[in-house]
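Read the single chain below, which is given as structure tokens and is the form predicted alone.
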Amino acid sequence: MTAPSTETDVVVLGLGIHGAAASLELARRGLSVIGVEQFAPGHSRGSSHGATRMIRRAYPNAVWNELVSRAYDGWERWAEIAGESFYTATTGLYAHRGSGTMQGGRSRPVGSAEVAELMPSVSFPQGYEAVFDLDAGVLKAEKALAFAHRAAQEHGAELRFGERVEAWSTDGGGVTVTTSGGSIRASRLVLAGGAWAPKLMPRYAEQFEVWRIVTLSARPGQEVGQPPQLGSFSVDLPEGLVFGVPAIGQAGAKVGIDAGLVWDPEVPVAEPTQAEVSRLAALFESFVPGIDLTGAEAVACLYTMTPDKRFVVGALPGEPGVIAAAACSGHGFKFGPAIGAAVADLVQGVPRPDLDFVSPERWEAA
């Protein structure tokens, strides 16, 4: 029996924050969209689950500044559509050793004495300098992802959950995607599969590495973990970047470190070990003295990393009509609305030279 076939303008593979955002932005522009996701909404097998994420204007390289600005504008746009804001301003402090620093927006270097005034709960290692970001804050990630799914559907997108991608191919007339539910024919294809990027883009499989990352969240309601006592922060240690997000609402303050085991996404993410929890607890108590970790909860997720820690957003060389939006290397959630709008622009043929630094073309040149 032949599997059913459907036609649409655009197929989006993966419905984490970037696939969901792309589906929403494309549907808002009047295109017919089918989004395909192998798991249930809000699943914990990828990189988009969890209550909160950091957002900041401070970035190590000015090449990011325009995309950061588009991200902030995008969250305002989504707030208007949703009738509620997903962003809470908290300020941020980012500590580093040596000459490396951050720039962008209204961020500025600060001394150790000012650190204590700006964020009383935080304590950085001796010898570290810091950058203060007045516009840093926290995103309500879980609510934002649910909104993107809901709003995409309200604007006409068809989102298929629990449907696995089997193959995709291009020809002179468009793109064909084969899934466990049948065949889909489209003019354009968006690859937003997160940790499955190596399988969806085998030509660049060696450029992707999937990490299992653990975070530890303290119980909510502690003044020491809330703004203005605590904002978003990071500490660049030799073993990895420790990041912290303050408590917002019912979500407690949390810390994690951008270092972890290489992981096969086909294998369910292993629960945090006691050793991992103990390590994060020691870091948490070191950088936020006074935090009570009684009843703290640890969770694991996946990061899809590239060698330069930059995203992969752009037309896929040699594959007409195929656009990548993946590998966000642990700092991608904050860009959700901006990546969605970028994908919609690329689908419609709008030039986006500001995205050259994250285009897959950079690997072709290398």
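In case it trips you up, residue 1 is the first one in the sequence shown, and so on. Nothing here was measured: the structure is a model prediction, and the numbers come from that model.
From this point on, the text means the form predicted in complex with a small molecule, which you will not see here.
Looking in the predicted complex, is the small molecule within 4.5 Å of a heavy atom from each of I17, A192 and C301? The answer is yes; I17, A192 and C301 each reach the small molecule.
Is G340 near the small molecule? Define near as a heavy atom within 4.5 Å, in the predicted complex. Residue-level check for G340: no, no contact with the small molecule.
With the cut-off set at 4.5 Å between non-hydrogen atoms, does I323 touch the small molecule in the predicted complex? Heavy-atom contact with the small molecule at 4.5 Å: absent for I323.
My question is simply whether V36 lines the interface with the small molecule in the predicted complex - judged by any non-hydrogen atom within 4.5 Å. Yes, V36 lies within 4.5 Å of the small molecule in the predicted complex.
Using the partner position in the predicted complex, report whether F333 sits within 4.5 Å of the small molecule, counting heavy atoms only. F333: yes, in contact with the small molecule in the predicted complex.
Hey, of 161 to 169, 218 to 226, 115 to 123, 78 to 86, which bit sits against the small molecule in the predicted complex at 4.5 Å between non-hydrogen atoms? So the stretch in question is 161 to 169.
Which residue, A186, I213, A95, V210, has a heavy atom that falls within 4.5 Å of the small molecule in the predicted complex? That would be I213.
Tell me, which of R29, H43, R310, R70 has a heavy atom within 4.5 angstroms of the small molecule in the predicted complex? Contact residue from the list: H43.
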